[in-house]
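Below are two forms of the same protein chain, given as structure tokens: structure 1, then structure 2.
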Structure 1
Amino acid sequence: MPARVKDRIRLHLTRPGWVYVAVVLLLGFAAGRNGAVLMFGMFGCLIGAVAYSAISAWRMLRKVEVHRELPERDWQYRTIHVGYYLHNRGRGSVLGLEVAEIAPAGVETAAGYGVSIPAGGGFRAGGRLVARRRGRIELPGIELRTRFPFGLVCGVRRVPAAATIVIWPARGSLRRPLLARGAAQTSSAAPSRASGGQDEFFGLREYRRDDNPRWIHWKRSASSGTLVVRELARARPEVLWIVLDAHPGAPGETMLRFAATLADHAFARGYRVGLAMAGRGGVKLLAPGPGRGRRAEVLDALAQYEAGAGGGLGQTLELLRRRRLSEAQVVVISGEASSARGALPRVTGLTLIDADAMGRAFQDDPAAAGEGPCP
């Protein structure tokens, strides 16, 4: 858990500020040695510039309100754009403001800038962050900085603004087509009960203005005296089960990234995708389903996977045998083919991907090269 952020303002000298103060102190020492009134006056003015910088930075930071716009989910190693709305609720202008996330471990940030915010006005700034680890990441707050006007003093204000973002495992690319065709082409011969498609005959109904004239059933229309069209059924989407083999040291991060890439590819082609994996807390099953909601659930589960003694491949497949594996495509991802083959059921559409096959079937994200296990 990230440390709790308190809303307070801190001031400190910048590196040029320290050099400036050192020169001013030397000037003051020389003025004291020589008793020169003009030098004392210069010393006072120069010290006043430092005090003015500190007061100005503190007053500007105190009157700024900030609101964040952040996506709920994104991919590992992908640049995530963050929007900030800065509102000046004071009288004077706010100048030279920087805004950025207070980043926890594994997250890199780039600041946004508010060059000038007039009194009572607002400004939209954009920042960026890159998550180098997957999972649920807690962002504790936002940091505001300014060095205006002279760059001698830096004012820093940390604003509590807790937010959560789920980082999915990095998405690579498939080197060979594990799903040879789209779901509509490989679907079951039996049509679904949903009408409105262009597959099997579903029934007849009256013609509507936006219907395709090619769908008109002329023979029935002539006998009934009113236009009747053929209602066609939608194809039943194919089912894909992704199974992660759990054994000591697996699944590794590469296996999780491969599973996330395969799932995202299958959802894009209209598949109903299910997930089965064993980890800390036992075997986790997500029943096959279509759409963005199920896609987010599958990728969230992969993002938050925690390895542990939760059962092996045999236990996972035993739970899946009740789920009609014979009617689905099954992709088993295992780190060791020898230990997995003995537990595999005899299913026509089953594909085993071990470490060697993964290298031939999957192109990992280049940013993941050389990365160790995620915390």
Structure 2
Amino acid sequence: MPARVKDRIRLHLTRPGWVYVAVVLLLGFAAGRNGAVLMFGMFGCLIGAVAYSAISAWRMLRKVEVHRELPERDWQYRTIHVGYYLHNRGRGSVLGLEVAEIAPAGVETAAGYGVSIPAGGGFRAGGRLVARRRGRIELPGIELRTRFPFGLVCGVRRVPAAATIVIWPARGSLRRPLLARGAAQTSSAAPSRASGGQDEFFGLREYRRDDNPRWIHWKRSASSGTLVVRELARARPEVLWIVLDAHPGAPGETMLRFAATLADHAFARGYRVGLAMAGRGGVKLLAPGPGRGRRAEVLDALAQYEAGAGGGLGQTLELLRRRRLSEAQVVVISGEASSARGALPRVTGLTLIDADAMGRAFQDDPAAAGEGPCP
């Protein structure tokens, strides 16, 4: 849990500011020693620049409101664009304002920058961030910084603005076509009850405006005297079960990234994807389902996975009914193939992916591959 952010303004000299102050003090000392009155006046002006910088930075930061526009979920090691709406409630303009997230561990940020915000006006600045770890990341607040006007004093204001973002495991690419045939082409089951697909014949209906003329059933149209078109049934999507056996000794992060990549591919191809994995809280089971919501649930579960003695592969598979597995394509991702093989049920369409097979089938994200264990 990140520390709570207090809304306050801090001012500190920048590195050039320290050098500047030291040089100016030396000049003032020299002016005092020599009785150079005008030089002493210049010394006052130069010191005044520091004071003006501090006052100006404090006044600017005091009256700025910031609203953040952040996606709820995103991938690990992908640039996440964050929108900041800066509103200046003060009477004076705000110039040279940086805005960035107060980044917790494992998050790298690039600040947004607003050159000018007139009094009472607003500005949309864009920042970026990259998460180097997966899971639910709490962002405690936003940091506003300015070095305007002279770059001597840096004013920093930390605005409490708690937000959460779920970082999915980094997405790589599949070298081997584990899902070689798309769901639209592999309708092995009965046709679905929904029309509008490209599968088997569903029925006839009247021609409507904007229908493709190629769909017109000319023979029936000629006999009935009105245009009718053919309708084909929508293919029932295939089911993919991803079973994760991430025991403590296994290369867990790579497995998670592989599972997330596989799930993402499957959802993109119209699969109904289910997930079964054993973690610290026991076995987590997500029934197969289609759509963006289920995709988010599956990837969220993978993102928030915590390894632990929650049960082995056998216990996980026991929870899955055999019939379900027999109707689906099952990918078991396991760190140790020898122990996993003994627990596997004898069902068709089951693929075991161990560490070696994963290396052959999965191209990890280059940024993630170069990193160590998840922070």
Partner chain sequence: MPVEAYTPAQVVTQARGRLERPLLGMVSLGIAAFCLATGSLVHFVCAALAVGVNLAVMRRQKEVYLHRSIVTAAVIVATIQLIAETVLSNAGEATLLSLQRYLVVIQLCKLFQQKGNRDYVHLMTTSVLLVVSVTLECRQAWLLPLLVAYLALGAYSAMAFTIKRGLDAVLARRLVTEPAPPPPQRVAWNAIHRWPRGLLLKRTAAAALVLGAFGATALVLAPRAGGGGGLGAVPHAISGPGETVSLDSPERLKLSNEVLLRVRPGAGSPVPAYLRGRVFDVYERSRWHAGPRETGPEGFTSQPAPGLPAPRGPRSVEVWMAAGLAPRAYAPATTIALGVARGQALGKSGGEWGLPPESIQANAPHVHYCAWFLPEPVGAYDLGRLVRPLRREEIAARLGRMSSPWAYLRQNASDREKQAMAPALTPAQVRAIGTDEPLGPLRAFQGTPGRLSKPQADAVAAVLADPQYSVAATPLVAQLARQWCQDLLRTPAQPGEAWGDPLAVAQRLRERLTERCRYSTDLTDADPARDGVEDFLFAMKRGHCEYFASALTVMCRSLSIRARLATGFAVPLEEARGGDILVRGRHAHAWTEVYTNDGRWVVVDATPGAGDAAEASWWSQWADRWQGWRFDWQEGLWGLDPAAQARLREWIYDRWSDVRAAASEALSAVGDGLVELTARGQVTRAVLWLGVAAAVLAAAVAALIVARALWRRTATARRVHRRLGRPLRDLRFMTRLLALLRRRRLVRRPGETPRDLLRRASAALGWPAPALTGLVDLYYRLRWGPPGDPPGLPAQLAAAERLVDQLARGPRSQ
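Quantities reported herein were computed from a predicted structural model and do not represent experimental measurements. For residue numbers, the reference is structure 1: its sequence is counted from 1. Superpose the two forms; the largest set of C-alphas matching within 1.5 Å is the rigid core.
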>> I want to make sure I have the labels right. Is the form predicted alone structure 1, or is it structure 2?
In response: 1
> Is there a C-alpha shift of 2 Å or more at Thr226 between the two structures once the rigid core is superposed?
Replying inline: yes
> Comparing between the two structures on the rigid core, is the C-alpha shift at Ile216 2 Å or larger?
Replying inline: yes
